[in-house]
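Let's start with one chain on its own, the form predicted on its own, as structure tokens.
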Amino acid sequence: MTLTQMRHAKLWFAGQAANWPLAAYELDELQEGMQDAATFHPTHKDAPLPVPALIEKIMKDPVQQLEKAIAARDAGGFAQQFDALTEACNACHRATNFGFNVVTKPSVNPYSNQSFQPPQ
């Protein structure tokens, strides 16, 4: 989950900097992480549905809406859809009884060794 947390943060900072190629890349990486979770951890003893079904049910639409905002280079839409994605992450955590793991929008950039500005 640490990689997922990193991708979520980097996605936010890329979108805030209007670095749309980087935002698209980080969202794709997030999706790969969800696919890995579905493949390697398909069930959870307390989850009402298998993890792949929960990801499909809870995460699919927010990811698609965020993809659209990124493709449109829509900063306002990006922020709104990023919040929706973050809430979907939390809904998925609650559905698997991991509600104690609350994801929030990053407030501080921990990646001082990366520029999020689009290349000139």
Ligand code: HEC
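Keep in mind that this is a model prediction, so the values were computed, not measured. For every residue, the number given is its place in the sequence shown, counted from 1.
Although not depicted, the form predicted together with the named molecule is the subject of the following passage.
In the predicted bound form, Arg73 touching the named molecule (heavy atom, 4.5 Å): Because no heavy atom of Arg73 falls inside 4.5 Å of the named molecule in the predicted bound form, the answer is no.
4.5 angstroms heavy atom contact with the named molecule in the predicted bound form for Asn101: It does: once the named molecule is placed as it appears in the predicted bound form, Asn101 has a heavy atom within 4.5 Å of it.
The named molecule contact in the predicted bound form: Thr4, any heavy atom under 4.5 Å: Although the named molecule is absent here, Thr4 would touch it in the predicted bound form, with heavy atoms inside 4.5 Å.
4.5 Å heavy atom contact, His44 to the named molecule in the predicted bound form: Within the cut-off, so yes.
Residues of 12-40 having any heavy atom within 4.5 Å of the named molecule in the predicted bound form, listed in sequence order: Sequence-ordered list: Leu30, Met34.
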